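Heads up, the chain below is alone and in the form predicted on its own; it's given as C-alpha cells.
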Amino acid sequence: MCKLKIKEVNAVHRIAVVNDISGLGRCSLTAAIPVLSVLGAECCPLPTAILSNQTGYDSFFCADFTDKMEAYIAEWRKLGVRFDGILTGYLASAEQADKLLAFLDEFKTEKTIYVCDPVMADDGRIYDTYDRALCEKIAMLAKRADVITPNLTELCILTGVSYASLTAESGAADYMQKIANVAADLLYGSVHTAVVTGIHMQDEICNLIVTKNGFTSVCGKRFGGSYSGTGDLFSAVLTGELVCGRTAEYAVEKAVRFLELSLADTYACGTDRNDGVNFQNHLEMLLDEKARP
C-alpha cells in the first residue's frame, strides 16, 4: 500500500486590504487579490467603495461603502480574526479614515505589518475627489504605519515641502539624496521605512527606499505614460513580501521587475491607460519558491 506524502506547508498569511473595488480598470482590489494570492497570502478585502469602473473613465457608477463598514468589521470581530498584514489605499471620505483609525486600534498588533499607501495626489495636485480634511486624515493613518509608499506629490503633502521646489532640482546630481532627506522626516513612531514611488528619471521610473540607515533606489524602464492600477500592484507585491519576512529591498526589486515586464506588454499592445496594466501573464514570476521562507 502506498502512503500519501503530504508536503509540509507554511500557514497562509492573512492580509486585510482596504481599498475600492472597480469592475473595470484592473486596479485597487482587483489588482491586489491575484497578486497576494500568488504570493501565498489570503487577501481579505475591506471595500471603501464599489465602482463599475475606475474614475479615470469618462463616467462611472460609485456606491460609497462608508455606512456598511462598521457592520462588515463587526463580523470579523465576532470571528476573532487576526491579520498578519494590513494594506490601505483609496479612501472615499474623512469619515472612512476615522473608521480605519479605530480599525487599527483593534486589529493591528505588534506582529501586524501595516503598509499605508497614502493615495491622495499625483503630478503636483490633489485628486479632485479629495479635500483638505481627507488629506489630513490620511496623514494620520500614515503615522500609524510601519511602511508608507507615497509618490513624490504625496511625499510633499505629508512633509509640507513644496513640490515645485523639490522637482525643480530633478537635474541635480544629488536629486535622490534631496528626496531621501525629505522622506527621512517621516521616519518616526512606528514608521521605519518610506518607499517613494514613481520618480521620473529620464527613461526610467525610480523608487527610493528610505530608512534610518540611509537610502537605496530601484529603477525600471519607463514605458509610455501612467496606467491605472500601477501603484496598487506595487503596494500589493511589497506588502505580500514583507509579510512573508522579506526585506523592503527584496520586495521593491521584485515589484519593479514584475511591473517592468507587465508595462512593456501593456505599452506594446497599445492598451488604454484607463484599462490598466496587462499583468496577468506575468504573475508566475512572483512565484520564487527558493527565495521564500
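Small disclaimer: the values here were computed from a predicted structure and weren't measured. Residue indices: 1-based, along the sequence shown.
A second form of this protein, the form predicted together with a small molecule, is not displayed here; the remarks below concern that form.
At least one heavy atom of Leu51 is located within 4.5 Å of the small molecule in the predicted complex. Proximity of Thr239 to the small molecule in the predicted complex falls outside the 4.5 Å heavy atom cutoff. Although the partner is absent here, Tyr127 sits close enough that one of its heavy atoms falls within 4.5 Å of the small molecule in the predicted complex. In the predicted complex, at least one heavy atom of Tyr90 sits within 4.5 Å of the small molecule. Contact with the small molecule in the predicted complex, defined as a heavy atom within 4.5 Å, holds for exactly one of Val147, Ile179, Val119, Ile209, namely Val119. Shown alone, this chain has one stretch from 240-248, 261-269, 34-42, 226-234 that lies within 4.5 Å of the small molecule in the predicted complex by heavy atoms: 226-234.
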